[in-house]
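Each of two forms of one protein chain follows alone as structure tokens, named structure 1 and structure 2.
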Structure 1
Amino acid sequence: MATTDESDGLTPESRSGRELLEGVLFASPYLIIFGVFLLLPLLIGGYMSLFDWNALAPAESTFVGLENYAQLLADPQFRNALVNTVYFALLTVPSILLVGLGLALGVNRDIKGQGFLRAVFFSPYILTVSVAAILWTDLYSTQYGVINYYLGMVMANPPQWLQSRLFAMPAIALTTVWWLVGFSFVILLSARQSVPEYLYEAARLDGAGTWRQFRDVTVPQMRGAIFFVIVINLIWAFQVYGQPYVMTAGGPGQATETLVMYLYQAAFNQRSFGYASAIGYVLTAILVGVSIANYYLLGGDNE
């Protein structure tokens, strides 16, 4: 790194030349890693998705244009994975928002043991997905599971959670809510705590009850945080992989196979790299769509 001891003696041009040089030097370690491991793969992926990719001899791959994408539209397994992923998102995103908001508003009140409660609700988030999934697989077990042991006391035939087409996905969603809600909870709690108290006092002076205060003060004031929570959970939900991989392996049948699972299978089991890249690009398009929608919604909020 050059020293700038005598910067006073320099002409403005050479000083700005040096700033540029130093600026680039400081930025370069990041930029190299960013370029090689993020931008480059992104471009390669787009390129590959246009080929019937030969994994063993890439040079002999055949150009197929948009055929991979056309094939996706007609592929029932892709459609199934897409539907399952959307279903998973519908089950988890609203639940995480509502549970997270409920817990945040509860903990925000004048309650004993606030710090303890905050730690408890956040804690599952620090588990790895495989531990969370293994743990809940055992809780759901039909032979020795805790859940059906207690359900068995009140009903004759408790569901066979992970073996059932109907219940497998909701069971995975419940696991996910427990595992991830802590993140959203912390963000919502911090947003709630930064709502100025005088707004509530003013609302009370106007005779607003709890519900009106919630609707007219809390929700509008927390709008940014609520949108953020929705979007980040949508992005996570569309990339769901670990929970179904560990808990059901996509079954029963293909009832819990998700987009990323299908992508993984197409790439690493069937070696259809071009086709899998096309799945990746469609997934990216969906997520970019979600992010852009968020940007406009938030943009409207900031004005």
Structure 2
Amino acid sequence: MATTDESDGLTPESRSGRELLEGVLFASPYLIIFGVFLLLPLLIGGYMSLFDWNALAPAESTFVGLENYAQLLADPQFRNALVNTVYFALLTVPSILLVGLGLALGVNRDIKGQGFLRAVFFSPYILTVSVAAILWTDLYSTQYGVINYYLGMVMANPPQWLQSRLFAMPAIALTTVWWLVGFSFVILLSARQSVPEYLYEAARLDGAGTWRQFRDVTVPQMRGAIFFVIVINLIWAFQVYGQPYVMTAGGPGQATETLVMYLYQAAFNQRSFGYASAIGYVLTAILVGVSIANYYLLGGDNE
């Protein structure tokens, strides 16, 4: 015989069902938005990637199976865009993590102007990508740029940053680090401030120096935040579009063309929507794989 609680007159089973219903109703706005704006387009994109898609007459699209994916493997422009994107991620993600961590640990100290420094370090992040890209394009200018003006005092031939295949991508990466590091800085600073001070006191009593405190206390305690910063910046890096589009338009000679730029060209310049969907799915698979690898390498469960 089922027992009832005198407070609400419900059996444990009824109460559990009501709590489940309340939970579903509470999460339903998010579930609806997630389904309509993320899950549904994802499924449609996967379906389109199996067709030679006709956007004007979808019913006349031709089923090609995995042919779009096979074509990607033999496409030199896709490989070039993939290599450029990975190169950009390697330049930016470690830099943003190290610079953000350094700024967070530095500002966390008892120094004057702490609030001002936090505002200064975070302020580039509030700019739009177009503003940040145009600003740095002017700084890199070989005619009136400040950078080459000062380099010209010590060098006979300063680099032509955005016109050089060697320097264009690092120049875009530097712009990105300056622009995005503020977000990671705030996350890491918050994580550092949540580390209990008694852990440092205990470490000092054990004779631990600054480096050992950083290695054995700071990094393990901030592991969750570090994992988040790496993953979110990897996602941003593999989705990079605005900076190379504004600063170099993918040049010189496709040296800064990224996967998303190539996807856009395939979809809206070449009208190959099925092929573009296949590029998008490969990009998604890369991001999921890299995120899972990071989770296990860094112990994202923070245990």
Partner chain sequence: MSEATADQGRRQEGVESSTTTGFSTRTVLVHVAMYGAALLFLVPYAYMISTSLKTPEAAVATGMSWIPSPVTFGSYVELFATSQILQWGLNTLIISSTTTILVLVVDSMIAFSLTRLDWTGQRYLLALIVASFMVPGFVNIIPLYLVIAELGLINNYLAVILPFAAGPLGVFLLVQFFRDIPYELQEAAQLDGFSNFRIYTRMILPLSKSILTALALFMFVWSWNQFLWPLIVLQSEAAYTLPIGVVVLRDNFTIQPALTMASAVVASGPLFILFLLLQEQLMTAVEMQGVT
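For numbering, take structure 1's sequence and count from 1. Keep in mind that this is a model prediction, so the values were computed, not measured. Think of the rigid core as the biggest set of C-alphas that the two forms share within 1.5 Å after superposition.
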Either 1 or 2, the form predicted on its own: 2
Please determine whether the C-alpha atom of P29 is displaced by 2 Å or more between structures 1 and 2 following superposition on the rigid core. yes
Hey, does L283 budge by 2 Å or more at the Cα between structures 1 and 2 once the core is superposed? no
